[in-house]
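Quick setup: one chain, the form predicted on its own, written in structure tokens, and binding and motion questions come after.
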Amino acid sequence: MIELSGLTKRYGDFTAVDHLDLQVAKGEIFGLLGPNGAGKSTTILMILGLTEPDEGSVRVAGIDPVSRPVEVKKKVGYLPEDVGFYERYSGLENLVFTGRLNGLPMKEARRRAEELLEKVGLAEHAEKKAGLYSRGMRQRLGLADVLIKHPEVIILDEPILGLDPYGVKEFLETIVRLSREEGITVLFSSHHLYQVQQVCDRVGLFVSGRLLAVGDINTLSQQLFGNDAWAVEATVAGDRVPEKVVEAVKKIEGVTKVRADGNRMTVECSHDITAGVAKAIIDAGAGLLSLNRKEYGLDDIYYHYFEKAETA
């Protein structure tokens, strides 16, 4: 649905986007992650046909936004960080107005608006003036606003800034549900790593205009940490981990390193061997007090690549 090839944008001597190659499949939720100034918003502007690339090409649903920008806008819904509405119109009136602007007959626009208000959890606030909506309600109304024209792609540019934790959870759950129900492709631009990790099928790490890595969390973890992509931490009874326990754990297939510190042991491994570690400790006659599986998350992966880019 989205295909970027060698995409480059310069402003004078500054390269905002540097030969970006990316493909996002139909129905996928893709997270474009990076710090402020990384080039995420410039990339979005080029996808929408709001600015032209200096090099490379963009295709959205097979359409070139440079030569056919209006056709792309018919297929793409865009939700910016701060959504603007007519404050004196109700939520319903705002959606109907957007529907009419997109060519829907009045009856169809109202039906679609009411349906979407239900889906985003605002049905009981349909007649409330948009100027009285909270930040979270405005973002959900914004999501309904971009969906009213039945887009094939929606682009969300920092949509969770300013939301409280509950509002973030609600908003992200709504995105996932609507994407799955309506088969919509989602491009999610953000620097909030943990929240994006919860909803995206794949992520791309974007630093200084360059895409450093693309994949799901497990794939990126394997690429980055190789055979040490997993770790299991165990605490045993007593003052220290017995040597026979360390030796038993070392024999488990997939173990790459075992470190003991007092009565705590860290086992680095190529895959999840949590059950095997528990069995080895107990079979060796030690008392198992706690067992935790550690996976390298998006924070670990992102900061590694970010540091690498900064020192390159």
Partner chain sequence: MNGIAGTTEKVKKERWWTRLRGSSRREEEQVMPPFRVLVQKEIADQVRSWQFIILIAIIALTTMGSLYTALSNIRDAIKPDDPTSSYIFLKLFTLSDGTMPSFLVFISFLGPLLGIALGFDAINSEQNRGTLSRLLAQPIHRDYIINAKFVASLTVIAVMFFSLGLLVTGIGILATGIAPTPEEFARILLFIFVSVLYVALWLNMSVWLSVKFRQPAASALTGMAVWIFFSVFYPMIVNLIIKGMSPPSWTVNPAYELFLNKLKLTLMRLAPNYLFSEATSTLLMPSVRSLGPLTMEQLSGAIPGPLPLGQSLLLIWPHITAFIALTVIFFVLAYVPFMRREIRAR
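Positions refer to the first chain, counted from 1. Remember, predicted model here, so these are calculated numbers, not experimental data.
Absent from the display: the form predicted in complex with the partner chain. The rest refers to it.
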{"item": "4.5 angstroms heavy atom contact with the partner chain in the predicted bound form for S270", "value": "no"}
{"item": "In the predicted bound form, D82 touching the partner chain (heavy atom, 4.5 Å)", "value": "yes"}
{"item": "Partner contact for S41 in the predicted bound form: the partner chain, 4.5 angstroms, heavy atom", "value": "yes"}
{"item": "Contact of T51 with the partner chain in the predicted bound form (heavy atom, 4.5 Å)", "value": "yes"}
{"item": "Partner-contacting position among G162, G103, P165, G238 - heavy atom within 4.5 Å of the partner chain in the predicted bound form", "value": "G103"}
{"item": "Option touching the partner chain, based on a heavy atom within 4.5 Å in the predicted bound form, out of N94, S190, Q139, T185", "value": "N94"}
{"item": "Residue stretch of 83-91, 170-178, 207-215, 120-128 approaching the partner chain in the predicted bound form, non-hydrogen atom distance within 4.5 Å", "value": "83-91"}
{"item": "Residues of stretch 41-77 in contact with the partner chain in the predicted bound form (4.5 Å, non-hydrogen atom)", "value": "S41, T42, L45, L50, T51, V70, K73, K74, V76"}
